[in-house]
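Okay, so here's just one chain, in structure tokens, the form predicted alone.
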């Protein structure tokens, strides 16, 4: 349940309707239930339309870029460690409610995933054009405080540089 909730919250952070993710269980002995679940899910997705067309979702190009960055973020050690620590904490306390899991994910795992996604997305954006902080904030749907640390770290590591008040990938 922790992984599913993490995925739902991270999808939402990426601009995708989290209702596109459904996790249901059906045993091999429940073929009619399995058919019912799949049919219901397919019908629900058809109603929502393609990715980027559902109410509240970002446009398809933004979603594609965010998912590219999200894949890299999800592979990092920090969010995986946070997930393991949260699972251990919830198990120790015996807290398995949706509320406890949702709160733990939003306070422990999602911030790590979001920070890494933003860092990766900055690289993707700057590969195409130089941008100032205001432009990055608008495109990333992030505040200047969320960009300050990753931009400073990437600048220190020589990944990005500033030229005429705009950030760009180093060497571009």
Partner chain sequence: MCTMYCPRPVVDTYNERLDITRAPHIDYAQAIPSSYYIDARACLRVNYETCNLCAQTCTAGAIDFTEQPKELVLNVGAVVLAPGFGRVDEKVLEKFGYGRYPDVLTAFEFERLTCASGPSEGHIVRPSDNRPPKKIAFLQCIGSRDETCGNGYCSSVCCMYAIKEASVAKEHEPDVDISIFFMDVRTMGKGFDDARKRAQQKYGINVVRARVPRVDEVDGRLALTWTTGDGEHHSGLFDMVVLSVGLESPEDAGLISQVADIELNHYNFCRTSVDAPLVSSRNGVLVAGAFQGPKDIPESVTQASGAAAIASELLADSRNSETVTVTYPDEDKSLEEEEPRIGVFVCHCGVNIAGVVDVKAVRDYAGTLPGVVLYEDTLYSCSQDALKSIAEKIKDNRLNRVVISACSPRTHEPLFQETLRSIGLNPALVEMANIRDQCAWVHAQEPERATEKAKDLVRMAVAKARLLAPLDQPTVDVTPTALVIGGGAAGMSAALSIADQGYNVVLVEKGRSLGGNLKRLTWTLDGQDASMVLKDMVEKVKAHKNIDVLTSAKVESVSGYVGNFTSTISRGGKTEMINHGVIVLATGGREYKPKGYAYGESTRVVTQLELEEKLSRGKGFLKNARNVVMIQCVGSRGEDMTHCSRLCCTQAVKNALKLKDLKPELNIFIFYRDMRTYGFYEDLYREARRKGVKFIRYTLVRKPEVIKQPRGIMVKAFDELIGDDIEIPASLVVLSAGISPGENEELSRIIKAPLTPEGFFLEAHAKLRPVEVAVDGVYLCGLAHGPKSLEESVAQAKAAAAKAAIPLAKGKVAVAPIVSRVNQDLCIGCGICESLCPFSAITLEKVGKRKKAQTITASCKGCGICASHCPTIAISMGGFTDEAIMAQIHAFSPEGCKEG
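Only a predicted model underlies this, so the values are computations on that prediction, with no experimental measurement involved. If you superpose the two forms and keep the largest set of C-alpha atoms that fall within 1.5 Å, you have the rigid core. Residue numbers count along the first chain shown, from 1.
The next section is about a form of this same protein that is not shown, the form predicted in complex with the partner chain.
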Within 4.5 Å of the partner chain in the model of the complex, counting heavy atoms only, one of 23 to 31, 139 to 147, 125 to 133, 100 to 108 shows up; tell me which. 23 to 31
Could you tell me if residue 3 has a non-hydrogen atom within 4.5 Å of the partner chain in the model of the complex? yes
How about residue 88: is it within 4.5 Å of the partner chain in the model of the complex, going by heavy atoms? yes
Taking 4.5 angstroms as the cut-off for heavy atoms, does residue 77 touch the partner chain in the model of the complex? yes
Cα displacement of residue 91 between the shown form and the other one reaching 2 Å, rigid core superposed: yes
